[in-house]
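Encoded as structure tokens, the following chain is the form predicted on its own, with no partner shown.
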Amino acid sequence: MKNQSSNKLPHEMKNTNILLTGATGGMGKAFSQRLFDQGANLVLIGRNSHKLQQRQAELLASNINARNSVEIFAVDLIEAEQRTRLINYLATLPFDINLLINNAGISQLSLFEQTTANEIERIIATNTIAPMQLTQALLPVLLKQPSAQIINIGSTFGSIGFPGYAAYCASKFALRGFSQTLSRELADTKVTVKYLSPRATKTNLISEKIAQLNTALNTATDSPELVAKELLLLIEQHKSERYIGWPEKLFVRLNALFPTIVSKSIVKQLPIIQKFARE
């Protein structure tokens, strides 16, 4: 009989079985380490099997006495056939997934007029379509659990449109809307849907050009470990959304209520943004 989830997930996560996408990236590594240390069973997925194997070995070596497991599965979530193989694989495990973390994502700094059609499609497919399709495929399993969660990793740019990131902002706005809608749709079930909104984070998504722009704009940047800590807090809390960073939290609220005020502030920075976006 497969393990079931407890009503309260952390701090003790021995009965929490997590499917984590984007597991080999900066935030994925921090997330997987923190969750593994808490005793959760992990299924790490990504496109690169070698990196997944390396991450699996690192986690197991970090605590050789740990009794929780780390499984890996290489998959391109955009491909329907590969998603089906993943769901079939999950059915062979000795536990059912009760926490899905849609973490995989990509970013790009460029003016919209200079962004290619392929780049737009790639960003939207990875950041929005893939998590929606995976969630839909896994939902029948999650609905059978005594309690389950879906956590989508968004961005401050999922609430504030920022020049130079048109496709990325669009993808994260859509992910936030999907999270809110599905949360309401599943309100009469035992599956909760949550949205975590980090600000700029020191990962591979931050290219040298983006890093230079952030410096020029005095943009604060968090460590993946801090975001992982915030993830655990979101898992624990009953709220459906958690935003990271100040003054970003304030700007998100201001943008929702008084977008013109935020627009004026951002437009003042436009020459700097254009300079780096065009390079």
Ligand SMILES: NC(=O)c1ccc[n+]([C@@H]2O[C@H](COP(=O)([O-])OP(=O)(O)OC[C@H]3O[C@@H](n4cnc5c(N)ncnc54)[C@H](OP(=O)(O)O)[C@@H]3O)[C@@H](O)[C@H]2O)c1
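Every value quoted in this text rests on a predicted model; they were computed, and no experiment measured them. Residue positions are given as counts along the sequence shown, with the first one as 1.
Just so you know, the form predicted in complex with the named molecule exists too; it's not on screen, but the next bit is about it.
Of the stretches 110-118, 84-92, 185-193, 150-158, only 150-158 has residues with a heavy atom within 4.5 Å of the named molecule in the model of the complex.
Not one of 169, 249 and 276 places a heavy atom within 4.5 Å of the named molecule in the model of the complex. Just one of 106, 174, 129, 137 comes within 4.5 Å of the named molecule in the model of the complex, counting any heavy atom, and that one is 106. Not displayed here, the named molecule is kept clear of residue 245 by more than 4.5 Å at the level of heavy atoms in the model of the complex. Though the partner is left out of this view, residue 96 does not reach within 4.5 Å of the named molecule in the model of the complex, counting heavy atoms only. Under a 4.5 angstroms non-hydrogen atom cutoff, the named molecule in the model of the complex lacks residue 72 among its neighbouring residues.
Contact check for residue 181: no non-hydrogen atom falls within 4.5 Å of the named molecule in the model of the complex. Taking a 4.5 Å heavy atom cutoff to the named molecule in the model of the complex, the contacting residues in 196-215 are 198, 199, 200, 201, 203, 204, 205, 206.
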